[in-house]
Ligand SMILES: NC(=O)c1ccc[n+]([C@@H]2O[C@H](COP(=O)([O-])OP(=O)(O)OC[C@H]3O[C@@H](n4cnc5c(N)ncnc54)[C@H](O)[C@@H]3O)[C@@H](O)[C@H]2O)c1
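A single chain, nothing else alongside it, follows as structure tokens in the form predicted alone.
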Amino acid sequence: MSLDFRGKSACVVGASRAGIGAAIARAFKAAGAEVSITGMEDAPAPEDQGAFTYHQLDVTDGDAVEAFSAGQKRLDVLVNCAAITERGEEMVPDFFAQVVDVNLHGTFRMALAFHPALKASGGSVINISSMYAGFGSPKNPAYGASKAAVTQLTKSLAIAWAGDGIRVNAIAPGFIVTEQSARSRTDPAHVAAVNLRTPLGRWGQPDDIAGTALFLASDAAQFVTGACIPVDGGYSIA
């Protein structure tokens, strides 16, 4: 029951920028997997260029998602990390709908498109939820709502696809130092409040999420499905 993924293939959706997706992709590669990544940008972050097979992909484009999945010969692990948010801007209905389309519908589109490949390999889906799935979020209402739905989608797909040999789980990160959280980290009071409430006394790093992803995709978690594991330094229990 080692975290050895040699001979396995993984796709990490939403890994083109410095953040959780990129850290997970690097961890799977270090564990021996053949890893492809996607993102909205023309190319991944400079440090990852040449390290992975990169595909520019808009997860809100159903035709593009189907074409992408059709071009993949095999898949053992699908990690859904694609997400957007804009702190303080999500009360605008059109943007609210866009956030939900990317974060929730995009996750479902990717999972559904790769269902045949994952069924063939007896694979695993890992969705990235958020601690905001369980908290009210006055400045990120669309993000919180979409991530709560991702958690529920994870449970439903876990039941629906268990007979196909596919395990579906989620990770709920806490406050993590990423490009996406950069705006919120410009507020010293906010940063200090997070540190004070978090039992481990700090913001998380993207690498703090990667180990949980490897575990969930490994044989060590072969009896785990429908779970959403918090990785937040204890913030959600404080």
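Note that residue numbering follows the sequence shown and begins at 1. Remember, it's a predicted structure, so these values are computed and weren't measured experimentally.
In what follows, reference is made to the form predicted in complex with this ligand, a form of this protein that is not presented.
Contact annotation: of the candidates Ala82, Val168, Leu118, Ala142, the single residue with a non-hydrogen atom within 4.5 angstroms of this ligand in the model of the complex is Ala82. The partner is absent here, but in the model of the complex a heavy atom of Asp58, alone among Asp208, Glu34, Asp48, Asp58, sits within 4.5 Å of this ligand. A residue is said to contact a partner when one of its heavy atoms sits within 4.5 Å of a partner heavy atom; Ile128 meets this definition for this ligand in the model of the complex. Residue contact with this ligand in the model of the complex: Glu41 places a heavy atom within 4.5 Å of it.
Although the partner is absent here, Glu179 sits close enough that one of its heavy atoms falls within 4.5 Å of this ligand in the model of the complex. Although the partner is absent here, Phe175 sits close enough that one of its heavy atoms falls within 4.5 Å of this ligand in the model of the complex. Exactly one of the stretches 158-166, 118-126, 83-91, 67-75 approaches this ligand in the model of the complex with heavy atoms within 4.5 Å, and it is 83-91.
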